[in-house]
Ligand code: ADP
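Encoded as structure tokens, the following chain is the form predicted on its own, with no partner shown.
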Amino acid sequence: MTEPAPPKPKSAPQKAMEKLGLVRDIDLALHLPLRYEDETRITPIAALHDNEPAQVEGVVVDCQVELRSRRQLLVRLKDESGTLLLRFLHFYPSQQKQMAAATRLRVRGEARIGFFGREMVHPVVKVVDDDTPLAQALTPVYPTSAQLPQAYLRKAVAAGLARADLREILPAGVVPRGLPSLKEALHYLHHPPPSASQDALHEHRHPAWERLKFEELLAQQLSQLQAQRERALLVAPALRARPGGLHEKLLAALPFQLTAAQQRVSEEIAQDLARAQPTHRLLQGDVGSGKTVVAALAAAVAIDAGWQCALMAPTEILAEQHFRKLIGWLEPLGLKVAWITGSVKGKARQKMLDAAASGEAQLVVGTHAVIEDKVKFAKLGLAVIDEQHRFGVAQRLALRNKLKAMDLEPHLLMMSATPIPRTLAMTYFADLDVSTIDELPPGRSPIVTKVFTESKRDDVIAKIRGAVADGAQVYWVCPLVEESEAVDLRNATETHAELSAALPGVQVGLLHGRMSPADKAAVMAQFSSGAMSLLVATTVIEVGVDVPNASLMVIEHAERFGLAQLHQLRGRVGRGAKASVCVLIYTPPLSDTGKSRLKAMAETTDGFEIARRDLDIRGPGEFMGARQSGAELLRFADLQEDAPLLVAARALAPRLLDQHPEAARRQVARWLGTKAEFLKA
């Protein structure tokens, strides 16, 4: 019996195609051009315009290598109207032979018209004869990589488009009026006629583009709705607050009154927890709106019903802030809170693991360490994930799997201080219930934001001197810890030394990500207690740090930070009664994006408006981190431009799922393939 021949090794282009996700015929058919080149017409050489792409045809009159400042291949091409110089700075001997005198060439590139006449540098060259036909459609230029030549990709896409099953899946009458079939739309977009409007194609306004965007949005809405319905079939423990129980005791013990918004979202969450289906709720609120106390009240409901709660945060500093607050609120009521992070080692760690596994710890707070296989829960009823956008899908699924042995799912409450604009929530989180805390607690001081260039640095330091003399505390945030040859930024270590020298008598602390957890905790304890006046830090203080006496925030190289990050950092001040100021220092020149960010920060402190502008600047995929999966879920649709298509798709999805389930299944498979799994966590 002969052994089967080993599979042929894949070529570099094949590997590159797999990396781009071009595996199925439909993947190739949906790999749309970035732009088009017009090879359907010939422009006379004399009619070329400066800096405009064009295609010319002529006969080579001269081809030679010249040694000027560097070796160059210079080819003179002539047609009936004039002469064009082709210049090649990188070339092979075979190219010189290919373009020998008397050869007819068809050449495409960007013309340059200067003192010495017309020329093209490194144009695309094709040897032709008098009978070589012109292209009948615009030539597509596809998104690709260095290992995947355009010619190879064009051939692969054309073959995939020919083989792909593009029959209509959707029942008659459901596609918005005036749009072509999917097959017609794709053939048009891959091979537009010469008369096609390049602007309409480039700006995705053509009806063919509209059809694709509608199909994509519908597949995504169907996928979300399916995930939501599948979750409704799962069973979770029904968690109900007892009259006079822990929930009411915690409310009575709090040293402040809940805002109306906090009360409303707490009631929404309590109603969710009382059902025997797993909660899947996103709790969003601006920086400082009081999400932690809402999470504590939800934890009290779960614990009161005899179940455990886990709270997971992305950094040790944030997890510790939660831990301290929750201990302060819950331990006086007789609850045991465990603390599990990567820095808790040895016997202390084992003691916490045992407390979680036995059920002795009713609340477990920590970082990613909480989802490790070694961490077992006796009865996990509620999992709370703070700053949920920092966690990937696999991490969220790991928390949900902690009850698998009991054939139950824990309730899942995700928190975010980056408000999600409505169109994004409708799309990326259509399978979630969203609760919004849309007011800040009373007594929060407004934050004034000022923008200065680097040249005003000494003035800012003088302002710090005055603020510290008045008893205020100050943050100074830097982007890097150590020198980087690639990026010329001041670093935290150097800035700490500079400010210590400039402010004698002021205790200046340093906090960055490379410090040990114990050292970080010691610095934060000093700053929190008021013993330290100025804290120089990297973005480890972005979330969770709560020092009410800190009223001045300086962010250096503010142009390097994202808008959401700047808003988070600014939210570390304004937490007490003192009027607070955030100073943004930038180094000119500013890019358009940098100007937009700093302008937004100076004009508003409203997190929802910041989120809206951030969406405008970055686009939905980047804003959402593509649902924290690493894969873009919307490639073609624009959530703001295409809101009417989104509304139509959202309305159609439940009808399609109920009345045409097989068509719904095929639509999701065609568009999302395995990406549909990303929507389930």
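Predicted model, so just to flag it, every value in this text is computed and none were measured. From 1 onward, residues are counted along the sequence shown.
From this point on, the text means the form predicted together with this ligand, which you will not see here.
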Quiz item: Taking heavy atoms only, is G109 within 4.5 angstroms of this ligand in the predicted bound form?
Solution: no
Practice problem: Would you please decide whether G509 lies within 4.5 angstroms of this ligand in the predicted bound form, comparing each non-hydrogen atom pair? | Solution: no
Quiz item: Closest heavy atom of R575 to this ligand in the predicted bound form, within 4.5 Å or not?
Solution: yes
Quiz item: Does P140 reach this ligand in the predicted bound form if we count a contact as any heavy atom within 4.5 Å?
Solution: no
Quiz item: Among V287, L239, L182, L189, which has any heavy atom within 4.5 Å of this ligand in the predicted bound form?
Solution: V287
Practice problem: Select from the listed residues H247, K291, R570, R211 the one whose heavy atoms reach within 4.5 Å of this ligand in the predicted bound form. | Solution: K291
Quiz prompt | Interface segment, criterion being heavy atoms within 4.5 Å of this ligand in the predicted bound form, picked from 252-260, 351-359, 446-454, 226-234 | solution = 252-260
